[in-house]
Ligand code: SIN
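To begin, one chain is listed below as structure tokens, in the form predicted alone.
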């Protein structure tokens, strides 16, 4: 397996997924989106986020005027689809064979989309790491500290990269400053898909 590089404790497995695995995974995600379509979340103040998202697994992450949280059903009322086996295989290889993730959040970044610095804090047990998979266009990933402010470092994540945020890095502030739209041919219309797997309960 690829030896990971570390960025402020975040372990990045560069190019871990082959092009064939990436293409097959995109097809699996298309099936997920047919069952639970992508939607645009809004913040508690009513501001629309720039990403579109959906989820797979027992629970899905949502955001609306009621705040950030996990729900057992898509906003339409549909049951979330199962997490693709490729994603579960990565989790079992890199995280645990004893406990599967409850949620695989599926974010789509279109042209001009970004994600501000934030922590993943909506889960009950921070002992479990977050597993993240990048597909499609390159994204400039920025990592800060466990508190707001201070120095940050950045790296371009490319299609097929997989990262782990665990241990002391589990609660670092992180975000995506921009994507290099059209840098990958994986998605016919361009853009970036980011999957993040979490143990919720």
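Residue numbers count along the first chain shown, from 1. Everything numeric in this text was worked out from a predicted model, so none of it was measured.
Quick note: we don't show the form predicted in complex with the named molecule, though the next part is all about it.
**Student:** Just checking whether residue 107 would be counted as a contact of the named molecule in the predicted bound form - the rule being heavy atoms within 4.5 angstroms.
**Tutor:** Because a heavy atom of residue 107 falls inside 4.5 Å of the named molecule in the predicted bound form, the answer is yes.
**Student:** Any chance residue 36 has a heavy atom within 4.5 Å of the named molecule in the predicted bound form?
**Tutor:** Judged by the heavy-atom cut-off of 4.5 Å, residue 36 is well away from the named molecule in the predicted bound form.
**Student:** Is residue 118 close enough to the named molecule in the predicted bound form to count, meaning some heavy atom within 4.5 Å?
**Tutor:** Residue 118: yes, in contact with the named molecule in the predicted bound form.
**Student:** Determine whether any heavy atom of residue 70 comes within 4.5 Å of a heavy atom of the named molecule in the predicted bound form, and answer yes or no.
**Tutor:** No, residue 70 stays farther than 4.5 Å from the named molecule in the predicted bound form.
**Student:** Please determine, with the chain shown alone, which of 121 to 129, 108 to 116, 70 to 78, 90 to 98 has non-hydrogen atoms within 4.5 Å of the named molecule in the predicted bound form.
**Tutor:** Single hit among the candidates: 108 to 116.
**Student:** With the named molecule left out of view, which of 164, 176, 29, 62 would have a heavy atom within 4.5 Å of it in the predicted bound form?
**Tutor:** Flagged contact: 176.
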